[in-house]
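Take a look at this one chain, the form predicted alone, written out in structure tokens.
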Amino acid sequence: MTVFEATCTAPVNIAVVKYWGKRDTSLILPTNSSLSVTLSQDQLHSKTTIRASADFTSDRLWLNGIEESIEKNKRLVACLRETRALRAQIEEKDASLPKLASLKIHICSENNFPTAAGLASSASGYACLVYTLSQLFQLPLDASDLSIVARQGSGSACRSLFGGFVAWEMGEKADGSDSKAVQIAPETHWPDLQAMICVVSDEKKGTSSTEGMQLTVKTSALLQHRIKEVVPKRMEEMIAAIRNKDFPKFAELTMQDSNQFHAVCLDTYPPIFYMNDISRAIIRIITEYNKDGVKAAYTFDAGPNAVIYAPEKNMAEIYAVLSHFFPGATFDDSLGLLSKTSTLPPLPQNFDTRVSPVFAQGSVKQILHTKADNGPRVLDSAQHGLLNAEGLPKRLA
């Protein structure tokens, strides 16, 4: 019997102009455009296998080895409905094609990093789901078309369908047909730009992004100013900074936007706190590091974990600074930062170490050194698939 199956991975993206707030909660249409950097899947990715079979009696989903209800997940249902409808249209036009749209499917998905901890797991997860469905159903859609479907699972997922530097254009139409992701520049455009992720906490956050956004839209006056006055100009400036590889401007805009996003969360009533004392210490440390010229940029999504963007030449020094204040963090050195030397560089001259106390061992659990990279990848299911011969997960929690 023919097995219809696809396995793919999809990356995390970290926004430098943030998305926060929906003008339509069911279609997930944003109140403003946003822009992100897609990070390497070597460190952070979601992996999904989907199989369609006449033997299956119902649609089933396993996330990180635990079976989840599909029916209760309206967003996932929306992604399935959209992709099946597109497949059905193709089958109507060509009677010789296998009737995949009507078959039940088993979905198995795993993240190689914590879920719901502010590390963009829903972005990579839904991007991977929709991309894998498009491979299974052989949909003739480009990444922007697919991003419209992925957006209905998780807004920021639309940006994970591209590599490099990606804008999510908010669009104007009520049906969401022009609210999609577009690539501003490929991952090869700015190879000198790298990132360091400080995993401060991998615990599930207290206020989910969905819940937080709705509350902010309802109660924050600052959000309205951000939507109307700040973001349109900032998007233009950020796109120009990326195209010109202007790091000081890119860094300034990135930090300003992160600050304002968290100010909007504080302006929400009651306020939302995503950062903690360690997050705020990282801001002070990077500010001190930049006092003689901008050499690094911090940004924080809806969680306490920091992403620091910087040119490659500054990365060893940044790691030395972070290691001073946050001893004991495990280091993912997949880019070979320390391969040439076993000793860290000294702290920069004139660096005032009084900006922050030295935190207890393990206050920052892990530091990941990474870079911009490509969008979703197709894998060989026979070698990399997550389902066994019976269509059940090979690994259960």
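A residue's number is simply how far along the shown sequence it sits, counting from 1. Note that the structure is a prediction, hence the values are computed from the model and not measured.
Absent from the display: the form predicted in complex with a small molecule. The rest refers to it.
Contact annotation for Arg84: none of its heavy atoms lies within 4.5 Å of the small molecule in the predicted bound form. Residue contact check for Gly155: one or more of its heavy atoms lie within 4.5 Å of the small molecule in the predicted bound form. Contact check for Ile28: a non-hydrogen atom falls within 4.5 Å of the small molecule in the predicted bound form. The closest non-hydrogen atom of Arg23 lies beyond 4.5 Å of the small molecule in the predicted bound form. Listed residues Asn290, Thr210, Asn314, Ser279 were compared with the small molecule in the predicted bound form; Thr210 is the one with a heavy atom within 4.5 Å. Here is the short version: of Val200, Ala302, Ile308, Ile148, the single residue with a heavy atom within 4.5 Å of the small molecule in the predicted bound form is Ala302. Comparing 234-242, 294-302, 131-139, 182-190 against the small molecule in the predicted bound form, the single stretch with non-hydrogen atoms within 4.5 angstroms of it is 294-302.
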